[in-house]
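One chain is shown next in structure tokens, namely the form predicted on its own.
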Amino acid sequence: MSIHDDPLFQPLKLGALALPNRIVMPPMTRSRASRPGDEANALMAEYYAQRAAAGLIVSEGTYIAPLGKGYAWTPGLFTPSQVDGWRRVTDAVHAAGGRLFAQLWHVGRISHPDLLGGQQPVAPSAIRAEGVKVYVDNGEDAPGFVEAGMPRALSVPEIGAIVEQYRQAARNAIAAGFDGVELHAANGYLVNQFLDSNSNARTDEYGGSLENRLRFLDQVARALVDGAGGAGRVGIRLAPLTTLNGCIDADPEQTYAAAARRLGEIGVAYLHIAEADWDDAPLMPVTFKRRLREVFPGVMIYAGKYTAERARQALREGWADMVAFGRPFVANPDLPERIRLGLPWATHHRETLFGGGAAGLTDYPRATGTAG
């Protein structure tokens, strides 16, 4: 197939950015931030720059405030040293010709006091994520897994303060040189906890009705638009059917169509839909995807075990504008070139996904014959 005929290699406008292809490197936690300050570092800069041929890179989840942390050795974006660390990464990606959004993350109840200086995790409601484990620093170069702690319910003033933390995190991201920000509103983390009916038992303006459960997402999205300097610099990641980390909604099609419509009214640049990608996972019907396309006028990104051919089909059918390839980007820094040339994809080493150093992060080779 000629590159001129390949839908994955057609240019696309995203806000003010001109993207050279439709291939996204999505956020993936790798836990290589420098300790004890949780700063992005030179190793991470090399990792992202190696993958700059993606049409868009979204950073690993980056926590916005001390109570937003849920896993050991993940980077933050609220101290001056964290901003400086990320500036090193964005400079490297831009020098390599890439484009990079920061994924802004607050884990809510998916945390543990050992990660929070002894404080209790926070959530919309005091409902524990049963059976969910997070990893804490056990003093070694490998994470120690513990069950997520019992959260306490946030007060209304505390919710407002978190909205402001998101606004400041967006400002920090732009100051660090990111091209935009993505809100992590998926996979059972804080925004998702407000959205989904089984994790939100509030009886005030943030719970109960769908309109109330949408309120926190609405307020955070608007804060990000303000903090990032425009809606064209903001994307939102949603996961309507994944049920990860114990979040389940009674009527996900209604809830997430309403969320997509609201985000379209706000004018954010894209929605990034995370499909369930484990064995026996619920399939997201194409009819649902077309419904989201109908209510959201911006760019639609999908992620979830896509092959190159499945991605091309999604683009041809029109319900996707871009497709994200997660784990394939771990082991294939030159993934766009491998797709273009029809070369095989290397397989990642599972044991090096979280924590450690360069092994399993920056030492995967390019395929023979690919550029760079």
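For every residue, the number given is its place in the sequence shown, counted from 1. On a predicted model such as this, the values are computed, not experimentally measured, just so you know.
The same protein also exists as the form predicted in complex with a small molecule; that form is not shown, yet it is the one meant from here on.
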property	result
Candidate stretches 36-44, 49-57, 324-332, 311-319, one within 4.5 Å of the small molecule in the model of the complex by heavy atom	324-332
Partner proximity in the model of the complex: P336 to the small molecule, non-hydrogen atom cutoff 4.5 Å	no
4.5 Å heavy atom contact, L67 and the small molecule in the model of the complex	no
Distance check, V146 to the small molecule in the model of the complex, heavy atom within 4.5 Å	no
Contact flag, H184 vs the small molecule in the model of the complex, heavy atom cut 4.5 Å	yes
4.5 Å heavy atom contact with the small molecule in the model of the complex for all of G61, G304 and L353	yes
